[in-house]
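We begin with a single chain expressed as structure tokens, specifically the form predicted on its own.
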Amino acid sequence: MRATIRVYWRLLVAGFRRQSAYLMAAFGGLVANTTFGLLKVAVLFATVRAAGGELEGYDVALMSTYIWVSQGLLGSVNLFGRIDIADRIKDGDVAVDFLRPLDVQAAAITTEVGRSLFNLIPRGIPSVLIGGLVVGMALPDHPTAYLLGAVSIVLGITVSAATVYLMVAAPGFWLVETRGLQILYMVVSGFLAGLFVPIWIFPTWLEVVAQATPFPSMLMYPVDIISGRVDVSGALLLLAVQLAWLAGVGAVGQALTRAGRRHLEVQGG
């Protein structure tokens, strides 16, 4: 058991170190996060003020927190549908992965989480600090929000990696090309995760649709918890929802991986 944990820990660290090689890309992402954050400030602040100063519980300060935390998480939460294992499945290299004494799904997700955690350092945290200093934002009243928010962010990152594996990578065992799935995932995930506007200002029917998917667990719920929009009991409920989605998505992904292994055919010479 300890040996297995040690192996996955090394995969996590390897993903972290691998991503640390792309510092200029991270800086470019920070610039993009800040630029689009300022654009969202202009649009969403105007929306709140047009609604009389409050919109579904969001005043200007809380909306600012939503904007900058969500922008900060953009580089870590996988809303773009890219994952290395998808290419390995397409090329047939995954056959080698199946020969290793590791779970293919767990190894892919762990490596992806390591890469995403690194992005919080040069891209995520600075985005939030810049937004807070330039525009200002609301801070949670209780310090517990920071601890629960950190746990929720890690869960959100893991849910996003597991969902990309399930929706984009795993179908590659049966499909010749998965780029269409990746584009579809990118379009749907950002909207339903609450990247553009909080899902709580959606029409009721669309809010219900969003909450029936794992996407809010990737971004909206972590933002709600760390911003203090929900109290401790509400935060614990959202954490439970995140855990439930992680378990469900992981289980379905595991089933597809096993079925895909039986279906896999690799030709070469």
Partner chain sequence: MADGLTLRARMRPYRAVLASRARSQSSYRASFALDLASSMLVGVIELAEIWVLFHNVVELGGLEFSQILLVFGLADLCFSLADMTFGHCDNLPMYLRAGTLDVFYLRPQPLLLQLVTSDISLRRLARAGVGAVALVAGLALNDIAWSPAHVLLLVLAIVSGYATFAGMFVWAGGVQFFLIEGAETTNAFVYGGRYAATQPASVWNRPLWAVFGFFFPMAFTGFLPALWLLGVEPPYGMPDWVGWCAPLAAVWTWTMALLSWRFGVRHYQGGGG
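Numbering follows the first chain given and starts at 1. These figures come from a predicted structure and were not determined experimentally.
The same protein also has a form predicted together with the partner chain, omitted here; what follows describes it.
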Picking from A210, V241, V230, L38, the single residue whose non-hydrogen atoms come within 4.5 angstroms of the partner chain in the predicted bound form is L38
So which of I125, L139, I183, L133 gets a non-hydrogen atom within 4.5 Å of the partner chain in the predicted bound form? I183
Among the candidate stretches 148-156, 195-203, 162-170, 125-133, which one is within 4.5 Å of the partner chain in the predicted bound form when only heavy atoms are counted? 195-203
Though only this chain appears here, would V69 touch the partner chain in the predicted bound form if you measure heavy atom gaps against 4.5 Å? no
Interface membership of A25, the partner chain in the predicted bound form, 4.5 Å heavy atom rule: yes
Can any non-hydrogen atom of A61 be found within 4.5 angstroms of the partner chain in the predicted bound form? no
Using the partner position in the predicted bound form, report whether E177 sits within 4.5 Å of the partner chain, counting heavy atoms only. yes
Sequence-ordered residues of 23-55 touching the partner chain in the predicted bound form, heavy atom within 4.5 Å: M24, A25, G28, G29, V31, A32, T35, F36, L38, L39, K40, A42, V43, L44, A46, T47, A50, A51, L55
